[in-house]
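Only one chain is given next, in C-alpha cells, and it is the form predicted on its own.
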Amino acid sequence: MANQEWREETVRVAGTDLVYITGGTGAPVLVLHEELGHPGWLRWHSELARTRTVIIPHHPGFGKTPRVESVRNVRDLGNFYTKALRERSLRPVEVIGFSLGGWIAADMAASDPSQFQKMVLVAPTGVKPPQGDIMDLFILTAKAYLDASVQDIQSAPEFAKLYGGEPTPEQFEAWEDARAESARLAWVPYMFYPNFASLLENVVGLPTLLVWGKQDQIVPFSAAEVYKKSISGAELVAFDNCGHRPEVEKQAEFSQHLQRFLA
C-alpha cells in the first residue's frame, strides 16, 4: 500500500520470532498493547511517528507472534521483553503501555527502572482498584468488552471505524486468541498482583505519566490514585467524559500531553 505509514516485520529475539509493527522516524518508542491485541494504526500513532520510531510488538500468543510456553504470567512476559530490549540494544527506551500492556511496562519498571527513559501508562491493569472491580473480559463477548471500553461510541469516530459493524472472521479469531492468552497470563487473581502497589515503590527516578478516563469501566479510575501514590513523582492526567481509551476518545488532548511529556 503506497501511503501506508507502517510496516510489519519479524525479528528473532529471546528465542522467538517476534512480529511487530513499526513506523516513523527518530528515537525509538516501545508501545505495549492491550489485552485484546494491537487495535490497529491510529491517529495518535501517526502524530507520534513524526518524531519517533514507533515499535509495537505483538505479545507472544497475540496476533502473529507465536505463543511462548515458558511465558505464563505478566512477570514472565516482562522478563521476555527485558531480554528482547537487551538483545536489540534498545535499553533505555521510552515506553507506552495500554491496559494489560501498561501492567507489563510497570512490572518491568518495578524490576529495573533503568531499562526505560520515560514511561507512559494508559489505564493500566495490575493493581486492585480501591473502589470497583476490573471488568471481567471473560463473561462478555469480545465485542461487548470493546464497546464498554469507550464512554460514547458515537463521540469516538475512530473507534467506530475500527470496531463498528459486525466483526470480520479475522477479527473474531484474533480476539479469541487474545482472550485465551490473556487468561493464561492473568486469570487468578484477575488482572492484578495483590502486592503490586508495594512493588511499584521500586520505580524510582523514572519520569512517569499516568493517563486515565474518569469514566473508565474497564479499570476504575480509583486505581489511578494507587499508581500515582506508589510511583514517586508520577504525573496523572485525567480526562472527564472519557472511558478506557483516551487515545481515541480524547485523541487531540492525549497527543498533546504525550508530545509534551516525551519532549
Partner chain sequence: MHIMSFSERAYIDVPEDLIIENGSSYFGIPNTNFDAKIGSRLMNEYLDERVYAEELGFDGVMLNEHHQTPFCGGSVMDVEAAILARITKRVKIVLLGNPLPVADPLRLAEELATIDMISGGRLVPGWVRGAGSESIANNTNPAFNRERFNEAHDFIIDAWTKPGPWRHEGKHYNYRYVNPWALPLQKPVPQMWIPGIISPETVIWSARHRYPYVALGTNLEPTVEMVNLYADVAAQEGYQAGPENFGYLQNVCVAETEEKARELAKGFVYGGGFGSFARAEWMFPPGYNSKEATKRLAKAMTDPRTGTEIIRFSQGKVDVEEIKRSIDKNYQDVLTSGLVIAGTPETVIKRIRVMLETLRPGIFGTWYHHGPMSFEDRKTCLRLLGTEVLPAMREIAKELGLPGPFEVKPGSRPLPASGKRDSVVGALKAA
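Residue numbers count along the first chain shown, from 1. The structure displayed is predicted, hence computed values, not measured ones.
Absent from the display: the form predicted in complex with the partner chain. The rest refers to it.
Asker: Partner absent here, but in the model of the complex, which of 179-187, 81-89, 99-107, 151-159 has residues with a heavy atom within 4.5 Å of the partner chain?
Answerer: Going through the listed ranges, the match is 179-187.
Asker: Is Thr168 close enough to the partner chain in the model of the complex to count, meaning some heavy atom within 4.5 Å?
Answerer: Yes, Thr168 is a contact residue.
Asker: So, in the model of the complex, is Thr141 in contact with the partner chain at a 4.5 angstroms heavy atom limit?
Answerer: So Thr141 counts as contacting the partner chain.
Asker: Listed by sequence position, which residues of 66-95 have a non-hydrogen atom within 4.5 angstroms of the partner chain in the model of the complex?
Answerer: Contacts from 66-95: Glu69, Arg72.
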